[in-house]
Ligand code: VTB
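There is one chain below, alone, in structure tokens, taken in the form predicted on its own.
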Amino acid sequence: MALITIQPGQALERILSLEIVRVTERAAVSAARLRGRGNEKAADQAAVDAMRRELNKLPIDGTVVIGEGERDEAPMLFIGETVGNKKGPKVDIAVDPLEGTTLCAKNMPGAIATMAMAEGGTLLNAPDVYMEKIAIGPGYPKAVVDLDAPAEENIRSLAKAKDVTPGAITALILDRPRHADLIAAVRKAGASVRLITDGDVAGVIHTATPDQTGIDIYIGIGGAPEGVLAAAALRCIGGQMQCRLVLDTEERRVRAGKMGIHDPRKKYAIEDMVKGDCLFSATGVTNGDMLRGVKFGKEIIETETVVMRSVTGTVRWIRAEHRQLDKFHLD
């Protein structure tokens, strides 16, 4: 990568070009080499190592404020880790180098490499715990849905805002035992449920384009890193999201307190989790509804990435052909 110098006053301007895309591309390619091998930790480690290498080439003074790995003891870009060559603006980083480790290990659809970058001090700094989430796309009045409202009420309210019956609403929910009552409540309200095994960053993003994805609302409990990443994406493309950290033990409350979170019941909107200009990038590892997976050819590696910026609302879809294959083996 050619050396690029970014002055602090330029904020995220130049980084939007290809630099952030290279980070998720390299992570995706590294993870994709282990698709279907049944080793989740090895695939995650490969993605982490590749993402860290690329981040450290960037002209930024970055701090990882949303990392991955504490809960599952997986390889991590840890919270508080500094990245970049320090020759640029101070930025916050949120990462999920391999969202859908199980999907990658089983070569199932929907695994992605993803990250977000924002101006320093503007991303929610939170521990790697679970998070309650509810999200819908853009174009609705404020407070159409509420994290604290019963599922049936949210379904009816959203259906009214869309001028449809509850039967026309589809909710996306992680297929977990903890969601049994939630799933039953959504169905009782008359709505349809689509279950996913993993991948709730893409799941939340799907709510932004319901005419294309068929997903009107995302509800349930997932990881906090994925929640902040999804909030960054919705800040770029529009939508509503409310979240709450699940700080249900003293140890988790203490960890959160050390990060400046003193109200364990605080409800976070998108603007609370991502306060300034931000970038979001995701590259497909396996084929999915949102992105194509990495394709290995004899002389070319193909990747597909979506990159977004909040201040401009720009969304770019980048299909890339990589011919310097030795770089993807050695870097």
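Sequential numbering from 1, following the sequence displayed. Computed from a predicted structure; not experimentally measured.
Below: the form predicted in complex with the ligand, not depicted.
Each of Arg178, Gly223 and Glu226 is positioned with at least one heavy atom within 4.5 Å of the ligand in the model of the complex. Segments offered: 150-158, 84-92, 208-216, 97-105. Contacting the ligand in the model of the complex at heavy atom distances within 4.5 Å is 97-105.
Within 4.5 Å of some heavy atom of the ligand in the model of the complex lies at least one heavy atom of Asp198.
Shown alone here, Leu174 lies within 4.5 Å of the ligand in the model of the complex, counting heavy atoms only. Within 4.5 Å of some heavy atom of the ligand in the model of the complex lies at least one heavy atom of Tyr130.
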